[in-house]
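One chain comes next, on its own, written as structure tokens: the form predicted on its own.
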Amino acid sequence: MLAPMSTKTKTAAVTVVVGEEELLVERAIAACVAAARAVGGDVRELVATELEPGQLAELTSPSLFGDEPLLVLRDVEQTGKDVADELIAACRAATDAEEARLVLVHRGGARGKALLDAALGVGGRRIDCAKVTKPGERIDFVRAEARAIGATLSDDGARALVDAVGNELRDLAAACAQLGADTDGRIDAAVVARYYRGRAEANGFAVADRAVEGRLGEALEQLRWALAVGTAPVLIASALAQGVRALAKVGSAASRGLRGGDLAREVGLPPWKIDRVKAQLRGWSPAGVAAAVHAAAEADAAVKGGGTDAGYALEKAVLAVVAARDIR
């Protein structure tokens, strides 16, 4: 699902693109359009709500030069019953006679499901473009992007890139392309750090990691840099809270003997993140983790209006978290 879409994909008579991940949806449509144009097809595109009853026959008819059209209809879940019935009939005609080709773009969900089921029921090809929400899926995405451009992206490089660039797939895809073009194709965490130093280091997660690892000087340096470049205090506080809560979750689950997949399901973190947290847990006691959780919660409340100086509240929290490692 997360692999880059090839523009050489053969266009099926009916293709249904389902989901809300914008980049993946656009790539799926672009692949169908490119395949149609490669054989001289005429491409027509509009939002399904603009389609009036009776208009579909005209849009799916060959051009004056006899070219078969590719009709791309977006937001088909919004169509009314009359137009939906015409679309179902057009799907059957396209499949049976190959006189027209359709790309139906559906956001997913229950609305318009009858049309979706009908299109698939007559042999339509489905391309899923579900929203990417999990960290592990973003890691898979950047790995696939790197492979597509012939680059080698290491595990630590993939994690560093997601940490540096963020959650948006467009930004991640652009970052992979840039790194692939500007390097020899071998991308690891060190390469990512050189290119994205300001973003990779000046964020709340870098502050949190250094704090829970007991590296006070580096944590304070990261904090001051993050604030200096405009990182919102609330984001830093949130990252610090997530970091210490991860310690508590993984520590508690591990103490009950959970391992592997059971541990991952219990704490809701990908395996690579669990491995990092386990390493960070060395030297922590349960009492120390509890104190760190309390300190992070106080900082979170302070930056959300409970205090007068967000920077001071965050610095105080970092000091408290690092000190909590020594609690026995």
Partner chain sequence: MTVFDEMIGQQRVVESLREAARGVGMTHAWLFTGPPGSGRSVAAKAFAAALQCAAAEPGCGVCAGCHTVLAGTHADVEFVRPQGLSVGVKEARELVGRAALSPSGRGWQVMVIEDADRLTEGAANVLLKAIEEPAARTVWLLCVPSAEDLVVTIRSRCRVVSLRTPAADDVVAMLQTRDGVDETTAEFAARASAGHVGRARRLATDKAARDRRAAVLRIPSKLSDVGACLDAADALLKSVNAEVAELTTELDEAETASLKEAFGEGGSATGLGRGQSGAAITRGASRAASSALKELEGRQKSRATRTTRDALDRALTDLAGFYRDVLVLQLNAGVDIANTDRATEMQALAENSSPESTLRRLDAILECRVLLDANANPLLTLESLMLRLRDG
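Numbering follows the first chain given and starts at 1. Here the structure is a predicted model, which means the values were calculated and not measured. Take the two forms, superpose them, and find the largest set of C-alpha atoms that agree within 1.5 Å; that set is the rigid core.
Quick note: we don't show the form predicted in complex with its partner chain, though the next part is all about it.
Note on the partner interface in the predicted complex: the residue among R37, R44, H294, K278 having a heavy atom within 4.5 angstroms of its partner chain is H294. Think of it this way: in the predicted complex, its partner chain has a heavy atom of just one of L169, A248, L71, L116 within 4.5 Å, and the residue is A248. Contact annotation: V289 falls within 4.5 Å of its partner chain in the predicted complex, judged by heavy atom distances. Using a 4.5 angstroms limit between non-hydrogen atoms, A241 touches its partner chain in the predicted complex.
Remark: T152 does not count among the residues lining its partner chain in the predicted complex, judged by a heavy atom distance of 4.5 Å or less.
None of the heavy atoms of T183 is located within 4.5 Å of its partner chain in the predicted complex. For its partner chain in the predicted complex, the listed stretch (171 to 179, 250 to 258, 219 to 227, 142 to 150) containing residues with heavy atoms inside 4.5 Å is 250 to 258.
Shown without its partner, the chain has A296, A297, D300, A301, K304 in segment 296 to 315 as residues with a non-hydrogen atom within 4.5 angstroms of its partner chain in the predicted complex. Remark: with the core as the superposition reference, the CA shift of S238 between this form and the one not shown reaches 2 Å or more. Remark: with the core as the superposition reference, the CA shift of A254 between this form and the one not shown reaches 2 Å or more.
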